Each structure stands twice: as structure tokens, then as C-alpha cells.
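Let us start with two forms of the same protein chain, each given on its own as C-alpha cells and named structure 1 and structure 2.
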Structure 1
Amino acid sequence: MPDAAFEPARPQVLLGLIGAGIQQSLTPAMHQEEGRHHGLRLHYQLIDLEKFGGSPADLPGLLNAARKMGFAGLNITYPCKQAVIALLDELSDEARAMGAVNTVVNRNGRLIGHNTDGSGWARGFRRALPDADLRCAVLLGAGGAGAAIAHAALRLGVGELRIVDADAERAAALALELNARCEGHRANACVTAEQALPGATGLIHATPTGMAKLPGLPLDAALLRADLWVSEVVYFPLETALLQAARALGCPISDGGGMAVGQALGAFELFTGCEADPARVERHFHHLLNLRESR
């Protein structure tokens, strides 16, 4: 048996995730497992703002440290997807259009921002709901994930997008920006879900509500109807309170797992230059979920 000391060293890739309350994230395990299949020694570090009482104000120091330590890249999540933009050297066209970054790649010391949220959501949505009626969708949440999904939804063919956010000004700003980029006046800001849902054919949920650490519903369940499709971004738990209520009514649904896998596929290629195997990543994602739920 050959001595391990004489085996050729596998390329090492150092990655990280910056966000708040991210201890339950499956992203590190997904990237590390896929890296193994590509012959990479991939280490993925959680940088949890909640662990050290941090905030987006700590981003300059964290990005500088990642640059100095040779990180190949970083995933960015709540609440930093928009705050990180001003600190980067360059933005992809996608990230610039969406006004949010969830993936930062280190190219010879230059930090380049990308966004795989929109493409990740669209991939999962098309697989789960290929025949969805796209005439009118309501989007709950106009933050980093919501902004990316809004752009992707219009590109996917949603005829009218009604945007609801706890910050009414943020919803209005997103609608204005979307209408400036897309033909026709297809985006509108609404004050409440109750105002937005009549006549809608679908509902997209893009806020943290429903996560294990933020349980509950993002709207009154009485507003749901059997003829609405419902798309969720939260994946832990995979069956959120929103999806439980929607499933009970018979609504067609798309869970947050599709977006989680789609995001990872895009980010992995940006970080490593290797094309991830979608079926393998999806199998591993569900394996990880099953392990967690069985504990």
C-alpha cells in the first residue's frame, strides 16, 4: 500500500459563508462533498455574525482578512447581501442588476461579486412547477434574496409581479428598478399581502420567516387559496409552516431545497472552475436533510 505521504497533494480551496445565525446551513457540507468528487481539498468556514456579536459593519474587516488568508471565495447571506456591494472591486452584470451579492470570488486579490440566488430559484421553480400559471405572482420580501428572485421571475415570464415588504419604501424602490430594466410596467409595490393576493396566480416567499430559528407564517393562512402555486425559499425545515398550510389546501408547491441546490451549483463553479454534478449535489442535499431531521 503506498505511503500517504508520497501521494500527490490535492488542490486546496478555502471558502466561507458570512451571515447571521448560519449554524444550520448545509452549504459547507454540500461544497465539501462535491469538492471531494473533483479531487479538491475544500475547507468551508462558517463566519457567523451572531457568534461574536457582529453586524454588517464588520464586513470590511472580514473581507480584508479573507483576502489576506487566500480565501478562494465567500458566500454571503442575510443580512449582508446588499451591504457587501460597496466593498467589492467588481460586480457581475447579474449582481449589479439585482442590487445584491450572494457569492464573492477572489481573483488574484480582487473581490468580484456575483449572484446565484435568482438562477438558483429559477432552476428549482422550473423543476417543481413546470406548468405554473405565471400571469401574476406576489413576492413577499424585497431584500437581497427577494430582489434577485424578482429579476428572475420576470425573466421567467411572470406577467405581473406584486411586491410586498415590511419596508414599504424598499418594495417601491425594487418595483421602480425592475420597471426601469424590463419592458412594460410589470412590477408593482403593495402595502400588504391582503392587498396583493386577489387575482394572483402564485405566491413567492423570500423572507426568513419559517426558518427553524424564526418559526411561523409570513402571512395570514386564510389568504391562501387552492388555485395559488406557492414557492418557498426557506429550506430548513424543508416543510415550513407556509408549505404545510399550502399543501393542506392542495396548492402546487416548490420548496426551498430547489433554490438551495441551484445556488450551490452556481457558486461551486464560480469558486472552483469545476462544473458540479446537479443530481449528485441534490442527492447529497437531501441526505443531509434526512440526517438532520433524524437527530
Structure 2
Amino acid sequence: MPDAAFEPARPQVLLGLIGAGIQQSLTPAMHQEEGRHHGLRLHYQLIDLEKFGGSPADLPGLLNAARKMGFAGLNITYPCKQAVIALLDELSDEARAMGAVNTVVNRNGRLIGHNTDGSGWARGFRRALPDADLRCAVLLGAGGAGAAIAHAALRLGVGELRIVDADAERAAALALELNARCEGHRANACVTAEQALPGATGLIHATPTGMAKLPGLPLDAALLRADLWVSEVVYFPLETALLQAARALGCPISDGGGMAVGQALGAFELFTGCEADPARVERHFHHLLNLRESR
């Protein structure tokens, strides 16, 4: 029997999430469990601005502290995804294009900003709907999640992206920015879903409607058609009213869990350099969601 005192220490990895109102986040448990499978002593700390009465103005102090304490990285969420950019040493191409950072990696004291939201959505989407017809997708919601997905959708090969937002100026600004960055004029803003959906092959939903605290449908269910694939971003609950309506029609669907898992896989790989196991992380995510739903 080897003496425990002489066992080589497992590598220690310190991670954290900076955001407001993040006490229910499943991210710490997802990273810690995957880290355990890779033989890492991974500690993931919630840094909740709401809990200590903080704001994005606290970011410089928090980043300096994380650097001094040897954090390997941080996830960043609302309301800090844009504010953090000015404080970083370097940005990945994806984060620069999206103008938002959800993952910061500490490389020998240099803080490098990444964005795994868009690529995470694409990972989940490809796993759920590998044969989806990408000719024309409607994106409902041009906020933080919608903007990240819009970039990823064009990278994935969506031929035309029609963007609808209750704030028409936001939809127009996103279309303008996408067209400036990507070849061809592939993004168009539409005023309503009724206007955007005819002829579309898919619908990506990226508004908060359907969340447990904001139940309901984000559009008239009569606009859905059986030949439309539907990609949802809301994951609590996993089965939103939109997915229920789409499922009842027989639409191919991709739920919001795919993006939640996909962005965590991307962040885990950036933080640790280890390749995460998608099926294992997905199983654990569903287990955590079931626990949360049963509370």
C-alpha cells in the first residue's frame, strides 16, 4: 500500500465565475466533476457581485486578485462580458469579433479573453441536428446570447440569417456588424417573426421567454411548421413552451442544454488543456438539472 503522504500531489486548478445573481449556476459543479475525471484538484469559486453589493467597477480588483492568487482562469457572465475586455492583455479572434468575453485564461500572468458561447452553441447544435438544412435561419433575440450565436451560425455555414428583436435597432445593428465582418451580405434584420419565417429552414430562439421565471412562448405558435428545425437557448427548464410546441409538430429540435454544455466544454479545455468528454459532461449536466428541478 503506498503511503498517502508520499503520493504525488494531483495538479491543483483554481477557477471562478464573475457575475451577478449566479448562486444557482451549474458551472462550478460541471467543471469540478470533469476535473475529477482528469485527476485534477479543481476548485471553482463563485464570485457573485450581487452577494457582496459589487458592480462591474470591481472587475479590476477582482482580476488582479485572481492573478495574484494563481487562478488558472475565470468565466465571466452578466453584467461583465463587455466591461472585462478593457482589462485584458489579449483577445481571441472570436471574442474580438463578438465584442464579449465569457472565458479568461491566465497564461503566466497574462489574461487572455475568449468567447465560448458561440462555439458552444455550434457544438450543441451540430450534436443535436447534424443534418440541419442551413440555407436560411431566423434568429429571434439579438442580445448577448443572440449576438454570439449569430457569429457562430454564419461560421457554421448558415446561408442567410434573418434577425428579429423586440428592439428593432438592436437587430439592425447586429445585422450591420455581421455583414461588415463576414463575406457576402448574409444577415438581414426583420421587424417581426411573421415577416422573417416564410421560406426559412430553421429558427434559433435567443430571448429569455420560456425561462422558469418568464414562462410562455416568444412568438405565435401558429408560425411554426413541421419542416423548420428549432434551436432553443433557454435551459431552465430544458423543455420550454417553444420546444413543446415544436415537438408536437414534429420539428427537429436542439435544446438549450447543448449550448450550456458546449460553452463549458470549450472553457474547460482552455483552462486545463485537457479534452473534456462531451457525453460525460452532458450526462452530468442533465443530472444537475434534474436535481435543481426536483428542489
Ligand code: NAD
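Residue 1 is the first residue of structure 1, and the numbers go on in sequence order from there. It should be emphasised that the depicted structure is a prediction, and the values quoted were computed from it without experimental measurement.
Of the two forms shown, structure 2 is the one predicted together with this ligand, while structure 1 is not. Of the two rigid parts that shift between the two structures, one contains both Ser254 and Cys136.
Relative to the larger rigid part, the smaller one has turned by 18° between the two structures, according to C-alpha superposition.
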